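In the block that follows, a single chain appears as structure tokens, in the form predicted on its own.
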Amino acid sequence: MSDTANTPPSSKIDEQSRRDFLLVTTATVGTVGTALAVWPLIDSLNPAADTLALATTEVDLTPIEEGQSITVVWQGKPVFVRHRTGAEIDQAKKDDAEVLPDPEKDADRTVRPKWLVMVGVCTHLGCIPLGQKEGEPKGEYGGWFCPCHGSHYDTSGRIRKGPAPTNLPVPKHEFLTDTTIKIG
């Protein structure tokens, strides 16, 4: 017997190669076509430009005098920025030793001790606490007071009394310069 008897004719090899080539080509074109068809859907899931614009807020701290607070808007929420006095900082550090409903040290809530940045929304039912403006009640602990249900916050924005379960949240923020912060 000869080896040529077991060898398929060249037309069968050509047909097999052509079939493999067509299969690979069809699969490749189908995959690329599917990706091109699905891409607009995937791209539409990205946040809109106006949403991205609200992702961060820069605040100039120059006009804020010691003992003064301002409110800025970030992601549709009020953010309290307070230039704390030495007495407020000292009181906040002393209060670290108190029994707090939501224990958190003052140093963990500030990047720089004289600047306190926090979201001004009561953690109980979403009210905006008083204490930002001069003449508003600051509560029993000299910080902020939510009159709706009586939550009292200290000079570090920590819950001290009332139904609020947690401290006023501190948003991610960083100092770009000595007088400018970026929130978000």
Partner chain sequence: MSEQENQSKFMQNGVVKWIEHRMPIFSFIDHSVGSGYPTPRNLSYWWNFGSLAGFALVILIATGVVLAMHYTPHTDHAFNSIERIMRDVNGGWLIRYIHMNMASFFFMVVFIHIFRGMYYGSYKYPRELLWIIGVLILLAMMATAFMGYVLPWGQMSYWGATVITNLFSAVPVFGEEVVQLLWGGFIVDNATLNRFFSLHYLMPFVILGLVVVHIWALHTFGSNNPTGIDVKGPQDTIPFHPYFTIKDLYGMGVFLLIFCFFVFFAPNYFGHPDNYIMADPLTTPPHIVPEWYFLPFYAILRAFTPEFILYLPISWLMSAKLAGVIAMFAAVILLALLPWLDTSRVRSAKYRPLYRWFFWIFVLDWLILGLCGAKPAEGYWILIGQAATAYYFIHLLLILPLLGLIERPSKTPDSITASVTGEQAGSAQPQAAE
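Positions refer to the first chain, counted from 1. Keep in mind the model is a prediction, meaning the values are calculated, not measured.
Quick note: we don't show the form predicted in complex with its partner chain, though the next part is all about it.
K.L.:
State yes or no: in the predicted bound form, is some non-hydrogen atom of Val73 no more than 4.5 angstroms from a non-hydrogen atom of its partner chain?
P.N.:
Although its partner chain is absent here, Val73 would touch it in the predicted bound form, with heavy atoms inside 4.5 Å.
K.L.:
Should Thr31 be counted as a contact of its partner chain in the predicted bound form, where contact means heavy atoms within 4.5 Å?
P.N.:
Contact with its partner chain, no.
K.L.:
Could you tell me if His152 has a non-hydrogen atom within 4.5 Å of its partner chain in the predicted bound form?
P.N.:
His152: no contact with its partner chain in the predicted bound form.
K.L.:
So in the predicted bound form, does Lys77 come within 4.5 Å of its partner chain, heavy atom to heavy atom?
P.N.:
Result yes; Lys77 sits at the interface with its partner chain in the predicted bound form.
K.L.:
Using heavy atoms only and a 4.5 Å cut-off, determine which of Gly126, Pro63, Pro40, Gly135 is in contact with its partner chain in the predicted bound form.
P.N.:
Only one option qualifies, and that one is Gly126.
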